[in-house]
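Encoded as structure tokens, the following chain is the form predicted alone, with no partner shown.
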Amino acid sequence: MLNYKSSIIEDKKYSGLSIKEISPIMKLNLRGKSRDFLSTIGKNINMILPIEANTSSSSDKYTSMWLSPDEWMIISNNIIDKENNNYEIEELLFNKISKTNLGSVTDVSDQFVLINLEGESVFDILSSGCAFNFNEFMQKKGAVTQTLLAQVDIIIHHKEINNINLFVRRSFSEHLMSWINDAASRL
């Protein structure tokens, strides 16, 4: 059974910012390069993996984020059952990708915490603790980047205008939430 116990206790609201954890969400890490790998993924999840750097693609069930030329993270668009960590899509992809040596499929649902930030102050908060230039990023819905925020390694997905998802390793989630709450209280 996966560990969904979080150090993030409650949703927070500040002037121009709402912060909450979205849990539980299925997260799969995919690695592969070949044309067969890409076509097998596309056929089985009804979505083409993004091949342009720092982009994402979505279907009704899943969102895939480009992490490197041969790495993607696929997340479920809907909350999943906490009592079950057997995902039909993971088993299907594992059998068609990992078992046939086209690439690898790894469940990272327990490894990452998903924090959603929403409001007009989202990029003010991020800019105050991150050296990344958000000028172009904030204009592109679906943009993805990996960077440091408050010296914590994160993945940022620009879901909608003024609505982003942060993926942070579970062991750093409490520190990052503490930093975000502190920074938001100073806006």
Partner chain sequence: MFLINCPFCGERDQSEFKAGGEAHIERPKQPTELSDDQWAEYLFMRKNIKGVQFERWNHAHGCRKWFNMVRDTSNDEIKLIYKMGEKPPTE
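Quick caveat: nothing in here was measured; it's all calculated off a predicted structure. Positions refer to the first chain, counted from 1.
What follows is about the form predicted in complex with its partner chain, which we do not show.
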Note: its partner chain not shown here; in the predicted complex, the stretch from 40 to 48, 127 to 135, 57 to 65, 156 to 164 having heavy atoms within 4.5 Å of it is 127 to 135
So, residue 31 and its partner chain: in the predicted complex, are they within 4.5 Å at any heavy atom pair? yes
Although the partner isn't part of this model, could you tell me whether residue 36 comes within 4.5 Å of its partner chain in the predicted complex, counting any heavy atom of the residue?
no
Those residues of 142 to 158 with a non-hydrogen atom no more than 4.5 Å from its partner chain in the predicted complex are 145, 146, 147, 148, 153
